[in-house]
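The form predicted alone is given below as one chain in structure tokens.
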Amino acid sequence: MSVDLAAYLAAERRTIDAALDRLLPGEEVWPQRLHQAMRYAVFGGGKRLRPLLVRACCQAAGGDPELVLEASCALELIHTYSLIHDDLPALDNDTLRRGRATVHVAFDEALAILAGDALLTEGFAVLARYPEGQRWAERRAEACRLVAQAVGSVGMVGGQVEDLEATGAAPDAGRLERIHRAKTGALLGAATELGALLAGADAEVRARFARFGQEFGLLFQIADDILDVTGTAAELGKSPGKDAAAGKLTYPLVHGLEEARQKREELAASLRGAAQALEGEGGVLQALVDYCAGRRG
């Protein structure tokens, strides 16, 4: 029996949002305006994909997803920092995120930079603390290393740099894939591997979960690139067509829209098989692949 993904996502979002609310300082805590900006960004309507992947993969690897709730939230804090900074005038210069004004528009540019900085460091503080107890100490340390590598200069930030440098450049399929494996796939791969790590999986099993997350990130990005061409602001929750207007390397630009769609379908088929091998038939990971591939465009 297949999972009811809509019900699962709604329940996970409620659980994760409640945990994020506990973990973040309240808006009344000094400095109030900074915490208001952090909360504005975090509670802006995200899908909570990264924390729910941590929890789903922990369960698939034989662990208890409730024990890794706070650690999973660390990835949402770090992801939100990356979105705030991505939207800044010096990077993508976007004014709309998830259907609302971006943080530098709703507050100001300086506070947006600092809110992103604070969320990044808060994410690692959470990751270093949870799950609590001495028996988790070694896994917490490895979790910090794993995530830091994923978001650092050879991971997400490196992908952001090359994305900027490739703006306006000639179409290059290898460069495009390298950008998105770093910019999107690295943190998603860390999320899936983190779930297996905290479940106590060995290196071989961890590597299988990491590969799934990395490939899922590529699928997500191909689907996102297609929707940037074909979608509306209401569907996307952000400004459509900005990547093309800015001269960004995208899958439709490099491969053409129809070939990009074909790549999406081929990758989705491969990921369905990988998901079944990791969690059995009809599980959460397979449902997420179907959802991502089904974001029509």
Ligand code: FPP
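Worth saying up front: this structure is predicted, and the values here are computed from it rather than measured. One rule holds for the numbers: they count along the sequence shown, beginning at 1.
What follows is about the form predicted in complex with farnesyl diphosphate, which we do not show.
Of the listed positions (L83, A106, L227, L218), a single one reaches within 4.5 angstroms of farnesyl diphosphate by any non-hydrogen atom in the predicted complex, namely L83.
With the partner omitted here, the residue from R272, K263, K47, R33 that has a non-hydrogen atom within 4.5 angstroms of farnesyl diphosphate in the predicted complex is K47.
Only one segment in the set 126-134, 165-173, 201-209, 72-80 has any non-hydrogen atom within 4.5 angstroms of farnesyl diphosphate in the predicted complex, and it is 72-80. At least one heavy atom of M156 is located within 4.5 Å of farnesyl diphosphate in the predicted complex. For R98, a non-hydrogen atom is located within 4.5 Å of farnesyl diphosphate in the predicted complex, even though that partner is not displayed. Farnesyl diphosphate in the predicted complex is approached by Q160, whose closest heavy atom lies within 4.5 angstroms of it. For L91, a non-hydrogen atom is located within 4.5 Å of farnesyl diphosphate in the predicted complex, even though that partner is not displayed. If you take 163-198 and check each residue for a heavy atom within 4.5 Å of farnesyl diphosphate in the predicted complex, you get K183, T184, in sequence order.
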